[in-house]
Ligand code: AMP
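Before any questions on binding or motion, here is one chain by itself as structure tokens, the form predicted alone.
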């Protein structure tokens, strides 16, 4: 069933910037006949225990995951980890430190938005985050709720993009450091949505040497040309290939798309072997 069933291996909950709790995500996965699911919240594994228990109850194969926010020359590079041991101290400590760092960063970003003449508060952001790891999407939603923007993309375009006036950088590990942390926790390392990055090919061999297993070839932000290029790159380097919806549950039609990502059987078999299923 896992080989032939629907997969969602890149998803987020309220522990980071998703709309639904881990238990609610599990229920939605079951409703849409997802056979294999991984929760990959940003920089934290705090939702994986709840997710695993819910998945077991609902008959879903679950893989504990994380999406680590790394960096290359100031550009944000996301690194997925699959099959991690959530009890590993280094991983737990990293998550706790990132929660604190993101809280401090968010306070600075809120102040910058206020200085630009638009009222928004930390309480606004916390209420939307629901106790999760504070991120830019939460601030964007707070700005939307306040009526300062017409949609979430507008918040990023005006203020929250990496070069925006409301942006504050976050200290991040390098990609090799992220890969090493994931591998030390027993995980499989995959580069998330590589089509987004302005430069990474020249660094790929270094990342492979650090433990990179695969590329997320199929992603909503990738064009068909991106996908073809990434397949060729993965094959040239002997890397695995994955596919995802990068599911957050924040868009109006996101729930209806659950389980619809096309994940070729060959890719599935390589991934299952890598994670030991």
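Numbering follows the first chain given and starts at 1. Given the structure is predicted, the values throughout are model-derived calculations rather than measurements.
One more form of this protein exists, namely the form predicted in complex with the named molecule; it is left out here, but the text below deals with it.
- Query: Can any non-hydrogen atom of residue 135 be found within 4.5 angstroms of the named molecule in the predicted complex?
  - Reply: Residue 135: yes, in contact with the named molecule in the predicted complex.
- Query: So in the predicted complex, does residue 105 come within 4.5 Å of the named molecule, heavy atom to heavy atom?
  - Reply: Result yes; residue 105 sits at the interface with the named molecule in the predicted complex.
- Message: How about residue 94 - does it come within 4.5 Å of the named molecule in the predicted complex, if we only consider non-hydrogen atoms?
- Response: It does not: once the named molecule is placed as it appears in the predicted complex, residue 94 has no heavy atom within 4.5 Å of it.
- With heavy atoms only and a cut-off of 4.5 Å, decide whether residue 156 touches the named molecule in the predicted complex. Yes, residue 156 lies within 4.5 Å of the named molecule in the predicted complex.
- Just one stretch in 80-88, 200-208, 148-156, 122-130 has heavy atoms within 4.5 Å of the named molecule in the predicted complex, so which one is it? Only one stretch passes the 4.5 Å heavy-atom test: 148-156.
- Task: Select from the listed residues 99, 72, 144, 161 the one whose heavy atoms reach within 4.5 Å of the named molecule in the predicted complex.
- Result: So the residue touching the named molecule in the predicted complex, by this definition, is 161.
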